[in-house]
Every structure is written in C-alpha cells, then in structure tokens.
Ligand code: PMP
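Encoded as structure tokens, the following chain is the form predicted alone, with no partner shown.
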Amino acid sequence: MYRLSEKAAAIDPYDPIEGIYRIRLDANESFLLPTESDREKMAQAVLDTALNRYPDPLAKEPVAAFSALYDVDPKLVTAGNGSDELISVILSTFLQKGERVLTVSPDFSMYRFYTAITENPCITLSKNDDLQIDVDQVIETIRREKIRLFIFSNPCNPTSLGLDRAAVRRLLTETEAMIVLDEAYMDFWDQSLLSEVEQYDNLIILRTASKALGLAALRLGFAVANERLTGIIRAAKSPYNVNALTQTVASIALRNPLYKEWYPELLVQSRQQLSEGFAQMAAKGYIQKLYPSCTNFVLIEVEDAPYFHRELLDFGIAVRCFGNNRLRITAGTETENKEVLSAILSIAKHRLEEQEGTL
C-alpha cells in the first residue's frame, strides 16, 4: 500500500471563507473595478487572444507596463501567477533542504505553509504586544539561529501596521540573510524600497496586482530584485507561468496610471471611514481597540471575536477572524462600510445587554 510522506499527510490547506454573502470584506480586495473604457478594451483583447498558443514565458508586456508604472527597470522584474507562486519559487530556489527560515507572527500564513512544502525549518518570532516587529530581536534571532531567509509583509497583513524604510534597511545591512519583503499593500503607504532594490544583494521585493490595482481575479504578482537574483528567479519558475489572458488584460490596466494614482486614495478614504466609525465605538467601550492602519483594511479587537464573526455572517457580512479577539475588515463601499459598522455596533450592544442581564 502506498504511504503518504509525513510532509504530504500534514498539509493543511489555506482556509478562505466560503459561501455567498451580501458583503465581502474578508479578503482585502478592492471594491473598485477598472474603468468602463478599459473593460471594453479588455473584452476585445480577450477575443483577440490566440488561445491555441502558449503565453509569453517572460510576460514581457505586463512586466514592461508594471516597470513603467513603478519606475523600475524591467530587467529587475519577474511576473508570477500571483505572489503566492513567487513565494513558493523563491523558497524552493534560494534555500537548501534544512536551511532555516524566519517568519513573524501575526503575518501572512502562507509563508510558513510553503516552508513545510520545501522542508525548511521555520522559526516564528512573535511580535511585540503592540503587534510591531522588534527589529533588534529579529536581527539577533537571524544571527543566533543562522537564518538563511526572512520573509515578512510590509505593511503587514493582518495587523495593518508598517515598518519604515530605515528599519528595513537595518535588516538588510546588519544580517547576511536573504530578506523577502512582501509589499503587497505598499500602494497605500510611502515606505517602499523599490527604488533601492539594486543596492542590495539580499533583497527580493514582492508586489501584487490584487490589492490597490483591483485585479485579484487575474492572479498576477511581481518579484523585483537585482539583476542576478532576477535571473535566478526567472530560471526557476515554470516556463509559461502567467497565462495569456492575464497578461493581456492586466497590461491594459497597468498602462493606465489612474489605478495607481487615484484608486489607492479612494480606498484609503474608505478605510478612514471605517477607522472613524470604530474609533467612536472604542471611545464608548463597544470595541476594545482599533489599530492604526496604512493599508486598505482595519484591525480591531473585540471580546470574543469568533462570536462577532458568526453574528456578522448571519447578517450576510464576511470579515476575517484572527484568534479570540481580533477581526480584520476590508474597506468597502460607503454603503458596505456603514452596514458593517452598524452590524458590529448592534452585536456589541446586544452582547453588553446580555452580560448585564446575567449580573
């Protein structure tokens, strides 16, 4: 009888919320679609795509459009089937079996998942009580544990907090580890290291078209690194990893500066609407804490987050629950924001009334 390897048997898949809900604020997606004009161009481009041919193996058109939009040299950019594929490629390529990886917690769960696939021991360092990264502790851990690769999101998913450029530069210059810097949410902040990427031989930056650019359905991500590292990533990835439809449609959006210049601001305004509402609730004791945010979502603390999560699903509203006391809520339309704020306030009031009734 065939026996599964321990690695295969132990795999737990990523667990997104399934089902149909009126309001989806659980995946940090943009509520903004491409313009009507661009959607018409995309529809025609799909019709014109040669579906009988393999796609461009280097995705030169979307890479060139991304590079122009973000002012980086296209020779430093690799396109991937979402950032997830690139994370997997980077871990499996730049690490020998058994070499150690460092992650922090809380952070994006898929980092640790892929280390299980590549059979690399993963050390997870807990963040401070305020959910910030202790840079000195990270540097000390990298040195002590002989870490070969440190991967983290900045700004962070799910905390919504960020680490400034100076702190990230310390990680790059005071350690010998490869630093994989996931800037999926950097369109909402101003501390990117994209312009400095050629200065380091141990830096790979990840970017995505799924968040501020609003192209989550296309599954398109980019790795940006110096020319030597980029050559290795390109050699290691699958030959035709980004399909022709994604390349064609995404290139249209990436060539339009509107999505980078204006859409992030609209999403930030939406997040501010949520933040203002939750700040008022925190002041009145209906929620325990609102974290400052430099992303397109907010993180709040409540008493018994799973209870709030279940009640919100009953309202037809999906958000993400983390542990016993945190909810991550994506910025939505003005109407969606009002509904989720109203629902959480209602749940909090009802819970307080129940607690008072038992006293």
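Just so we're clear, the structure is a prediction, and the values are computed from it rather than from any experiment. Residue indices: 1-based, along the sequence shown.
The same protein also exists as the form predicted in complex with the ligand; that form is not shown, yet it is the one meant from here on.
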Partner contact for Leu220 in the predicted bound form: the ligand, 4.5 angstroms, heavy atom: yes
Contact test in the predicted bound form: Ser160 vs the ligand, heavy atoms, 4.5 Å: no
Phe94, heavy atom within 4.5 angstroms of the ligand in the predicted bound form: no
is_contact(Tyr185, the ligand) in the predicted bound form, heavy atom dist at most 4.5 Å: yes
Which of 75-83, 140-148, 224-232, 245-253 sits within 4.5 Å of the ligand in the predicted bound form, heavy atom basis: 75-83
Candidate site Phe108, Ser153 and Lys211: all three near the ligand in the predicted bound form by heavy atom within 4.5 Å: yes
